[in-house]
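As a starting point, one isolated chain is supplied in structure tokens, in the form predicted alone.
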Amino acid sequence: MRELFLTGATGRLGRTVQRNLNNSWIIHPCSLSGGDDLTKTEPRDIVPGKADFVLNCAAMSSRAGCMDNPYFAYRLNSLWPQKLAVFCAETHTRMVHISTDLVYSGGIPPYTERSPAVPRSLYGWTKLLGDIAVLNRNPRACVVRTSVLTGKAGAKMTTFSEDILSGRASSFHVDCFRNHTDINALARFLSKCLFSSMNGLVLAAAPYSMSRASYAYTLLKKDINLINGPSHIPHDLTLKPSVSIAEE
């Protein structure tokens, strides 16, 4: 049976990947909530010797969390992917690493794999450093950058659509554009990506961009509270993905 070492296993994407994989997989889950502090260990000590694939979904993605604990964010988002990339290169283990559109500034959309990345947040910088490290240390690895996640995840951290439908999100930016990407469709793509020869940087997201307000209105189909996005966040992160992730 195929064996997968999965980090971030209790997060939104990690849970969804596990739900979408069939019973022919043996999954070795690893997560901070499970007590596995990746920042204080070495891959050789926790990656099973029989693992055929490694999928790194672990990240500190909270803007506030990164600001409150920048050193931990750097260790988890930048240093851990680098160590994992080196390990996978040495052991010839297939590696896919998950990243974000927040590595871009929002100034020159639409973004492609060739676009310059200049983050506007500490989170974005730590993720960009991790991406660069993975690509430099393991050219056969695949770095998948995606956009804001939607759909049912069933994790402690909710997706944007779960926030909208539950009422946790009540005001929506009219000037912030993202490629709102279905998390289940993304998980199915990642399971195929693990088996592919795809390497380097790949943008995988919904094929079109919408404002946060437009997406919320489409979902709720009723009047919503419209606001402008704060100046400190990128306003237009429209991607031109080479891999279109569409709901099925």
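Sequential numbering from 1, following the sequence displayed. Please read all numbers here as calculations on a predicted model, not as lab measurements.
This protein has a second form, the form predicted together with a small molecule, left out of what is shown; the following refers to that one.
- Only one of 123-131, 83-91, 108-116, 161-169 places residue heavy atoms within 4.5 angstroms of the small molecule in the predicted bound form, namely 123-131.
- The shortest heavy atom separation between residue 20 and the small molecule in the predicted bound form exceeds 4.5 Å.
- Though the partner is left out of this view, residue 32 does reach within 4.5 Å of the small molecule in the predicted bound form, counting heavy atoms only.
- Taking non-hydrogen atoms only, residue 10 approaches the small molecule to within 4.5 angstroms in the predicted bound form.
- None of the heavy atoms of residue 52 is located within 4.5 Å of the small molecule in the predicted bound form.
- Contact annotation for the candidate site: 59, 146 and 157 all lie close to the small molecule in the predicted bound form (heavy atom within 4.5 Å).
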